[in-house]
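Take a look at this one chain, the form predicted alone, written out in structure tokens.
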């Protein structure tokens, strides 16, 4: 699976993240700290597709945003191929890209225009960048003429394909996928999953996938972890983590049934 470096692709050591909120209490405005990620440790190997499972609000997106250098951890350490995401942020960013449920396009612009914009933003050659992304999309059955219409006229599945092509053209080592198939119809979901598998086969990237779709995790991932209330409660091959008395959803709910904050 990918290059053998002897160094973990992603290593998370005892990481926590708090968000502080103000609320109106009996004594006026009070500040409270909410723990989104609680002392999480995990290791992702080079070339692995690693899945993070959890309910909405479990801390999945917060953890991915920290790994992708978009949020600072309050404690602990995260390294990508041995490099600290806080101390060496600029270097780490050269190796990774991220796709979320909302792909972040200018919807009135075409796919071509959005890809040219991304190329300029990241200091790439626009023509070459677009040609590489277009070639990927052609393999995923997105007709070239669809790249010339406003993004808002593309289906959600087509938009996510463009987002993944954009990310793959940027990422050289690690691709973070934060619930990339959320809200898609079954056909579009399957097409995006096929695009992810095809990209992994061809580029050998390390892929970190956040999802609450158990079937998706079982289909795509070599290993999965279950996050609940900010804590890692299980980890291993999906056929083991989601097995036992009551498989799939039943096994998942049994894992989180008695977990939570102290």
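The structure displayed is predicted, hence computed values, not measured ones. Residue numbers count along the first chain shown, from 1.
Absent from the display: the form predicted together with a small molecule. The rest refers to it.
None of the heavy atoms of residue 193 is located within 4.5 Å of the small molecule in the predicted bound form. The closest non-hydrogen atom of residue 23 lies beyond 4.5 Å of the small molecule in the predicted bound form. Though the partner is left out of this view, residue 236 does not reach within 4.5 Å of the small molecule in the predicted bound form, counting heavy atoms only. The closest non-hydrogen atom of residue 34 lies within 4.5 Å of the small molecule in the predicted bound form. Of the candidate stretches 214-222, 201-209, 59-67, 40-48, only 59-67 contains residues with a heavy atom within 4.5 Å of the small molecule in the predicted bound form. By the 4.5 Å heavy atom rule, the three marked residues 105, 147 and 185 all fail to count as contacting the small molecule in the predicted bound form.
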